[in-house]
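Starting off, we have a lone chain in the form predicted on its own, written out as structure tokens.
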Amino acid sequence: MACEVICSAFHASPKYSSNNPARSRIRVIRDPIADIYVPVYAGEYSVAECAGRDKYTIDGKDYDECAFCRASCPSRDLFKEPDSGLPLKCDMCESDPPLEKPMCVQWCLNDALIYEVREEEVEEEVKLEDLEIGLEALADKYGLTKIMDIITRMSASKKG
């Protein structure tokens, strides 16, 4: 539960001036008897409640779908500022200077939290060189065959 404590302290104003896990952007759903601890971090705000209320069974214990939901919604107080009721959202401890890892990961005593930076494959747009752009414009205007004939003639005259 150190992740909840450090998160609330990091986001206190001024920073580290107080500790209230109700202000934490991460919660640990726990069943100590069955040794189950599931971290859930705050996501986007949802104006409407969920339509479904599925149940999940983990090691014989039933959990409501809301327990694993990251949204702040009207049906529950989880991930809301206790004083104002405003929704909380995990910002991965953005700060200046930036942290190497979010505080919850740094302070997790059991190494249950891992922070990985995912590299997304982005197709790079092929940038045409100025010459290619010019040749493409000429080919559009005069036709590729005529351009190729002129280039062949020019290369023959340069050789001779």
Partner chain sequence: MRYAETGFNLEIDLTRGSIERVATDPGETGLYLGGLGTNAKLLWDRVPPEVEPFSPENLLIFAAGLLCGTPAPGCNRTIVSTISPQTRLMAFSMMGGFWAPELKYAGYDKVILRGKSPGLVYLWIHNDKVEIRDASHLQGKGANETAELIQQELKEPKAQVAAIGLAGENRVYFASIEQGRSSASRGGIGAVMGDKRVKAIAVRGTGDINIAQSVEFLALCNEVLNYIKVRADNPIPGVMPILAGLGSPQEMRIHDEKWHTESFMWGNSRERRKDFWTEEVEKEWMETMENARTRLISCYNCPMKCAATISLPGLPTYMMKCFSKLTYTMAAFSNLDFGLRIAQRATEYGVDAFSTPQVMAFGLELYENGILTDTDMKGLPSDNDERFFWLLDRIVRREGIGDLLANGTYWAAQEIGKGAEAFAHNNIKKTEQMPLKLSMLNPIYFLMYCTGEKVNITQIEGQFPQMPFETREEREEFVKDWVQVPDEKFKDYFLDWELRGEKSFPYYPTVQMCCDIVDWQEKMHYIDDALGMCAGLSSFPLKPPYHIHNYPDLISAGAGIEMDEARLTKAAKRYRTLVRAINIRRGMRRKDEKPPENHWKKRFPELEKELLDTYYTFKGWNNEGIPTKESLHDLGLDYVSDDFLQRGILTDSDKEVSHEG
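Positions refer to the first chain, counted from 1. Small disclaimer: the values here were computed from a predicted structure and weren't measured.
The protein also exists as the form predicted together with the partner chain; that form is not presented, and the subsequent description refers to it.
Looking at Tyr16, you'd find a heavy atom of it within 4.5 angstroms of the partner chain in the model of the complex. Interface residue remark: Tyr37 is counted as part of the site for the partner chain in the model of the complex, having a heavy atom within 4.5 Å. Although the partner is absent here, Arg27 is a contact residue: one of its heavy atoms lies within 4.5 angstroms of the partner chain in the model of the complex. Contact between Ala42 and the partner chain in the model of the complex is not found at the 4.5 Å heavy atom cutoff. Screening Ile33, Ile114, Val117, Val47 for any heavy atom within 4.5 Å of the partner chain in the model of the complex leaves a single hit, Ile33.
For a residue to qualify, one of its non-hydrogen atoms must sit within 4.5 Å of the partner chain in the model of the complex; all three of Ala2, Lys61 and Asn110 qualify.
Residues Asp77, Leu78, Pro82, Met103 are the ones in 67-104 with at least one heavy atom within 4.5 Å of the partner chain in the model of the complex, listed in sequence order.
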